[in-house]
Every structure is written in structure tokens, then in C-alpha cells.
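Starting off, we have a lone chain in the form predicted on its own, written out as C-alpha cells.
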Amino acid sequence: MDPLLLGALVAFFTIFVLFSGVSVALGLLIVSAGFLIIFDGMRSLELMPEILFGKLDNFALLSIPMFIIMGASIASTRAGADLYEALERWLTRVPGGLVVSNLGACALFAAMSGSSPATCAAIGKMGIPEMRKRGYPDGVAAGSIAAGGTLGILIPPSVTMIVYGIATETSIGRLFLAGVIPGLLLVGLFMAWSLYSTWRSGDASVLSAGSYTWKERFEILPRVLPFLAIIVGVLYAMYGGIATPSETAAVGALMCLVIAMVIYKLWNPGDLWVVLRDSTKESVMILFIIAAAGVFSYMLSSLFITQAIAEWIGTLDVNRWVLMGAVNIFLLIAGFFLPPVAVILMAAPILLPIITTAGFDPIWFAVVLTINMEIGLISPPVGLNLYVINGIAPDISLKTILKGSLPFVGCMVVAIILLCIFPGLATWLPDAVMGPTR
């Protein structure tokens, strides 16, 4: 059978199996095993266990559960509420300071937790009721938190970037640095739209908030500064040549647990057990998907599907930006239905040779891909962050939340366009800190 036709069949059955409700990892294994048996015979299954466990034989994978523990220990405390309150107190005199403080809190909490749903839940519980009480439109209140929560997979340390680095054998350190400036760019775009939307609502009074004394501003800092110090320490250890990403993640996880216990009195064994239990569940899920995706990639390569697609793309007489536009559309559609980790692990083996052949930087492409995945987090039909916000504020309809989040999707599209025009937004910082790759 023609490899391209076979690839179309694989895509069709993969979508069918995943939409049947089977878990992503199990679905990938079912499709891989089925096509290997049909086209390579039963003996091909003998290699599956070796590939499955071999994909997990990677020291860099240790950073995933460590960063997840780091985020879970923070999410289990009042860190999000304290971070929100601290920014509110310091930005209260800034016009629209409340929405700015909410987005700033989302960015910082996302950097500490690396989880989009956790960021939405932690900041939204405090921020959404407060913004609504002060007269901000429901769409701005809900949409800004939903969009701010997506920053968790872009601003380092990001589990999504780690997965991309492992899947494409790209430097995780460079990927982390590549997400910094685009992450700040998105925060700036989100803030600009939120302030404009609030101003356009016609009630300028909501742009001003209450006042706090200097004592009230400084007294809350001791609860926030240790977590910010951990972020700085983790990045310094990683880029200062002191430790590998995995080692740095382990130290960061331990420090977050210690701070959660000391500052937030997380002494109850039951609470600590919940943190470790939830972290283990999420880690196993991600690692299982990574292992299954390794088998899926082997199946695609064994049946010459990956090579055929790359060769076909190479023969197309189209501008490389037209090609990149098609890739972005594919990623957007995939992100609407699948979690970011699954999309990266399934698509990276196919897309990487295509984008490198077209002359695109894989580090730059990681940022573009991640922003596409962010759009999926606030877009139906899955749109996980939308449902998290709806759970926090059930009296705000899902339609209003979606309508409020759509302008932030536009901000993300603008960010992708700016990255295409100025690729240095993603590549300059990694090259400046770690040296150029070529």
C-alpha cells in the first residue's frame, strides 16, 4: 500500500479510537499494535515491550515528576491567593490595576506550578469574584483568568517544553529560555486587551481600586518572596552550569515542599499524601503517554509513513510560510480535541523533519507549537480552562466565558504572527545565554 494512503488510514483510525473514550496512551498502543500486526505480522509485537520501556530509559524524564511535585505543593497552599493579594496591593493605584494584578498573578503562579488548570483555579477563586464585585465585565473577569492560566505551559519551568525536548532531542534549557520573552509578550497583550475592553465598557470607575498603606504592602511579601526565590534559584542553577534540569527540578520540588510545610503549615500527613498521590497520578499519565507515543512513532517509521510524508512535503513547490500556515492549522485543530502532551508526542516525529527541512528553527517552532496548544485550552469543544472557570463561577454561563476568552485567542494569534516576523523573540535569549547553535 502507498505509504501516504497508509498514513491517512492511520490518522483516521487514531482519531476514531481516541474519540471512542479510550485513554490517549492506550489508544496509541491499540492503533500501533493493530497496524504492525496487519502489515508486519505478529512477530513485530516482540519489539513493543522493548520500545515501550526503552522510551522511558531517559534521565531527563525525572524532571517531569519533580516539576509536577513542585507545582502540586504550591497549588495545595494559599500561595495563589497570597500572590494575587500581594500584586493587588502593589498595583492598586495603576489604572485597571486589578485586572493587571490578576494577569500578573497568573503569569507568576504559572511559572511556579507549570499547570494551566491549577493556575486558573488558584487565581480565579480570588480574582473573579473581586473583579465582578468592583464592576469589571463578566467576560473580562472570566476570560482574563482563563487565558492567563494557559501561560503555565509556556513560561518556564514548563512540563510541555520538557516533553517537546525529549520527543525531539532538543535542549530543555534552550526551550525554557525560548519561552520567557514570548510569555512576557503574551502577558503584555492580555493586559492591553483587558484594559481596553474594560475602558470600552464605559464605566471608568472600575479601573480604580482601593488604597493600601506601605505597611500593608510590605507585610505580605514574606509569603511570596520564597516562592519567587525558588524560581530564580531553579533557573540560575540550570543556566549557571550548577545542575542538570532533572537535578534542579528535584531540588526545586524539595524546596517547595519545605516552604509549603513551614510557611503554610502543611504538616498534616493527609495533605502531604494528597500532594504526592496527585503528582504520581499525573506523572504516570504523562510517562505512559510518552512510552506509548514512542511505540506509535516506531510504527509510523517502520511502515515508512513518516519518511513518505517528509518526502512528499519536500516535493511541494510552495512557499515555506504557506507550509507553516498549514502546520499551524493542523496544530490548532489537534489542540481543540487533545491535551498538549499528546499532540506534541504524536506530531513532533512527523513535523520536526518537515519544519527543519523548510529552514525553521526547532526551538522557535516549540514556542509556536506551545502557543497553539494554549489556544486549544480556551477553545471548545474540550477547552479545559473554560470548564475550570465555569466550576469556579457557575453563575457565569459557559457562553459568556467563551465569548470573553475569544479576544485572548486573537492575542495569541497576534503573538504567533509576531514570532513569525521576529523569530528572535524566541531565539535571542537562548543564544545570548547558552551561545548560538550554529
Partner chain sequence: MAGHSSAAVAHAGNNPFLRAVAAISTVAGWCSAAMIVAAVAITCQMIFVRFVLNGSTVWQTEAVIYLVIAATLVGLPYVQRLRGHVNVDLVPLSLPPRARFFLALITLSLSILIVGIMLFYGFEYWHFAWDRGWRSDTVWGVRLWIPYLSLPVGFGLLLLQLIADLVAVITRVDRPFGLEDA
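Rigid core: the largest C-alpha set superposing within 1.5 Å between the two forms. Owing to the predicted nature of the structure, the values given are computational and were not obtained by experimental measurement. Positions refer to the first chain, counted from 1.
Below, we turn to the form predicted together with its partner chain, even though it does not appear here.
For the options 396, 406, 413, 33, the residue carrying a heavy atom within 4.5 angstroms of its partner chain in the predicted bound form is 33. Scanning 200, 133, 320, 277 against its partner chain in the predicted bound form with a 4.5 Å heavy atom cut-off leaves one residue, 277. Looking at its partner chain in the predicted bound form, residues 26, 29 and 65 each place a heavy atom within 4.5 Å of it. Comment: 283-291 is the region of 140-148, 258-266, 283-291, 72-80 lying near its partner chain in the predicted bound form, near meaning a non-hydrogen atom within 4.5 Å. Although the partner is absent here, residue 212 lies well away from its partner chain in the predicted bound form, with no heavy atom inside 4.5 Å.
In the predicted bound form, residue 56 approaches its partner chain with a heavy atom inside 4.5 Å.
Contact check for residue 270: every heavy atom lies farther than 4.5 Å from its partner chain in the predicted bound form. Residue 422 falls outside the set of residues with a heavy atom inside 4.5 Å of its partner chain in the predicted bound form.
Residues 247, 250, 251, 253, 254, 273, 276, 277 are the ones in 247-277 with at least one heavy atom within 4.5 Å of its partner chain in the predicted bound form, listed in sequence order. Once both forms are fitted on their core, the CA shift for residue 230 between this form and the one not shown remains under 2 Å. In this overlay on the rigid core, residue 368 has a C-alpha that sits less than 2 Å away from its partner position between this form and the one not shown. Once both forms are fitted on their core, a CA shift of 2 Å or more is seen for residue 398 between this form and the one not shown.
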